[in-house]
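Coming up are structure 1 and structure 2: the same protein chain in two forms, each one given alone as structure tokens.
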Structure 1
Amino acid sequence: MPKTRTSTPADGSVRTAPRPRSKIERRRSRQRVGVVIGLVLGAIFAAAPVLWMLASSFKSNTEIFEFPPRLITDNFSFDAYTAIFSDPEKVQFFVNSYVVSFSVTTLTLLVAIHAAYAFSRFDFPGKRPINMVIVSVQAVPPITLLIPYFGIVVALGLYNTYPGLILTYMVFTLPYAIIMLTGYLNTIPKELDEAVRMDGAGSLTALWRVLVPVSVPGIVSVGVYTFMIAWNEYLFALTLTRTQDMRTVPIGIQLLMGQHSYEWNEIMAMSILGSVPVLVLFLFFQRYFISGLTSGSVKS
């Protein structure tokens, strides 16, 4: 920041202001201008493409590449959205994505909460190595697993079925869910469930009657994240399904690119609709979401 030599403030307020603004105040206001310019440029970089996608979904297909391009065109309409909702094949993409994502979320939470309970409340031989395996599993590249999965899924007759996708997605969601839920259970005082166990209730009762109810925020945030991973998955959905009626939304979007002529407005509408669940979840659970995400990489 260069130092100004003149004593007159840039805005000329010296004549009306009873006391001249201090050097520090002037520097502050110049800094503020810099920050605001930076923020606005950043916002354009981040949000303009998204805005263009939204605007394009309301255009007619010919208007998308009109010259010069306009954000809002004459034929503003919801036609692209209507076209998607009235095509059973495209609605099926959404049905598939919801079935798979909800199943993965439910199963992951059910399996993970028990594993997290074991890690958080019990000592057992092999605890550390098992934990290490679960952590490092997350770094295994999906492409490495895909080849044997393809063989296994075909051999088990799960190719092109919901269970094939649901089962394989759990390799991504389960480690994350276990680690996060273990962390969450560790924050809950042991006395709480030990008291119940002292009273003669079994461990399972202590988990479901005491720990699960007080862990709802943690379970919800892990559930949201699990849902998103499943909703967004591409590689396995591409490879482990074959027929149009089994495809999920990300593959559906890609299929629209290939079909007949490019219906860009429909592709954009589909992209918006395909992003709505994640956007809504993020909107409602932003706080949990960000704290859950950063808890790993950020140490207080």
Structure 2
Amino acid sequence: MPKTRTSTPADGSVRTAPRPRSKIERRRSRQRVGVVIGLVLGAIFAAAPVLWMLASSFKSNTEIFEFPPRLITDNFSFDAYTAIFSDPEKVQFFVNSYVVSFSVTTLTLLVAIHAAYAFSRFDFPGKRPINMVIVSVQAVPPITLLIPYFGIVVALGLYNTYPGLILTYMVFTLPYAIIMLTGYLNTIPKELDEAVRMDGAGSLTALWRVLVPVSVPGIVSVGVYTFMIAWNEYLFALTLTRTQDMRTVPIGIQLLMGQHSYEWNEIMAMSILGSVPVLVLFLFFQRYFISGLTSGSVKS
């Protein structure tokens, strides 16, 4: 064993010199420093575009491209935001996105909760094949279904309507929602809802009075994800709508790119406004979102 050096001061007391750190401790310290540096660099890399977008929304188009670039401008202005809120067409982009996104989220959760309850608690003919179909839909790239869905929507008379967008988005949000909620319900003991049914209550009563309150984290995580998908979707929103009054925010941002000039400050401002709902939802439900994703994906 290595000897510990001691020293005897003038007052006669014995003091033990600090033991030098071992190689393992030094390596762990370097690793922790490396992790912290990596996280800081990652945060800067992720936040820099957002900060530049936010700063550019308060500039004029000429100031955005000045050199050397400046994050904070001397001519701070809300002109870009004023131009958006004073234009009924641009405000309608946000109205359409809210209507479609909230409708998709609400309907997806209602259908997914009942479907997940059936998959988790009951055995019925065709359960395994149906489950395989739901999982396989997740593997299909949405762009490959664009032309077929366009033909179906037009044939049903849903082109350039809210129902056309809502039903189309639900095709892509429902499989994920059912898979995640089924996995989450599988983590809940069956004795909870079985006890309610033994007391004479029906299956739906057991679902909404027992399982749904317990499954709030999973439901919230699926709801936030569904809202994000519907809010940010671009391809089908562009294909399945025709008139300006039916366009959503992603299409509205693209329409600000004119043939001869781009309204960069308005593009940045609308991008910031378009990011706020998703950011607020995630920050508000962050605790539920993370725990719900973890429980639904790890346990089954």
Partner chain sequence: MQDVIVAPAPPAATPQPPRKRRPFRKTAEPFGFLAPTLVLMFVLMVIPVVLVVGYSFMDNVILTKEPEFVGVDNFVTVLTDGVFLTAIRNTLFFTISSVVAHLVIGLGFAMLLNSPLIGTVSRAIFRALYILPWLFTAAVIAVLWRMLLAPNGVVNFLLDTDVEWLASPALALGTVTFINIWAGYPFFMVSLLAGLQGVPAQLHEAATVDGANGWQRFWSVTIPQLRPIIISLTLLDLIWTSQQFALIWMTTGGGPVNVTEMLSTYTYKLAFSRYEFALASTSAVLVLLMSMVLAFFYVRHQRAED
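For clarity, every value in this text was computed on a predicted model and none was experimentally measured. For the two forms, the rigid core is made up of the largest set of C-alpha atoms that agree within 1.5 Å on superposition. Numbering runs along the sequence of structure 1, starting at 1.
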Query raised in the report: Just one of these is the form predicted in complex with the partner chain; is it 1 or 2?
Result: 1
Report task. Using a rigid core alignment, state whether the CA of residue 31 is displaced by 2 Å or more between structure 1 and structure 2. Result -> yes
Query - For residue 43, CA displacement between structure 1 and structure 2 after the core is overlaid, in Å - result: 4.1
